[in-house]
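This document starts with one chain, in the form predicted on its own, laid out as structure tokens.
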């Protein structure tokens, strides 16, 4: 474990009895003594509130006179649509139109942005961005090692967080953010998350990590590990790099054309994505709900008439639905098949195609 990086909250996780596992090069808690299922319910409950340490994620600051032009060129979404205090989901694509990463972009000003990237891709992303920045009047700074990132998710997220901050959380809309002064330091708070519940993500200087973590737990938030986080995001049908998206698929296959604005002008991967869209993809990402007992897992085969036509990328037993659900890539010619099955332990378990999310989202968009 010594070769793994540790977040500023590593000792807190150990003190709480967290089971530490390697994840994206970090030593992270997969679950705490209560278990992943109870942690899941702590977030999904009508009075829920769960606290996640996601400091393994990467944070990159982008500044300069051509920051907007730069981000328009390196990301798939239309950054020009952002206003100060707004967040945008986007992709970094390569020349083949496949995923380098999926990211969120925060606009602080027209010449000042902040990116959150996946932990496993951080160094690759920074290198890619710096290489492209050579053609623009822009400065790239990797702030990951001095930043703590927490996610507070659940119906009680706002009431748990409110006493700790000096801003009106109700004024922060979905995919918006604000800056608070906490203990004389700046904290960025966004109404975003990866669970389908209302909640916030907090970007803190490392010096505030322990005091914030302890304060939010003291107010009733439950510590949540990686296992429950994956259950929550899978129920929502949210993509995870290395599973639903990778350098092997484009936004066309992944169902992410809504974050890919082909009409905004030139950007990396645009022509390749447009060509794939015109040709039609060989496979597409879909949602499946099992109609008989079984738990689908990653790499399980999807069958049609007994023949393999795809494979599961993420799967689980949904506690809310009481059945197995999965995200899977399926050959395009079999998308309309009404006899899809997931092969589980040499048995073909019938499944119906459903459009994610598998459970109702409770994010506050109004």
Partner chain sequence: MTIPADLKYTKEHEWVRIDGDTATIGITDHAQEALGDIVFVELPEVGRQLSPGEAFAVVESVKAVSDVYAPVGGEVIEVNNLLESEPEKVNTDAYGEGWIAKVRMNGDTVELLDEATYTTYLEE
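Treat the numbers as computed from the prediction; the structure is a model and nothing was measured. Positions refer to the first chain, counted from 1.
Below, we turn to the form predicted together with the partner chain, even though it does not appear here.
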| request: Answer yes if any heavy atom of residue 36 is within 4.5 Å of a heavy atom of the partner chain in the predicted complex; otherwise answer no. | output: yes
| in the predicted complex, does residue 125 have a heavy atom within 4.5 Å of the partner chain? | no
| Contact label in the predicted complex: residue 300 to the partner chain, heavy atom within 4.5 Å | yes
| query | Taking 4.5 angstroms as the cut-off for heavy atoms, does residue 19 touch the partner chain in the predicted complex? | reply | yes
| Which residue among 231, 108, 92, 272 has a heavy atom within 4.5 angstroms of the partner chain in the predicted complex? | 231
| query | Out of 140, 227, 116, 268, which one falls within 4.5 Å of the partner chain in the predicted complex, going by heavy atoms? | reply | 227
| message | Which is the contacting stretch out of 333-341, 304-312, 63-71, 36-44, given heavy atoms within 4.5 Å of the partner chain in the predicted complex? | response | 36-44
| Within 274-297, which residues have a heavy atom closer than or equal to 4.5 Å from the partner chain in the predicted complex? | 293, 294, 295, 297
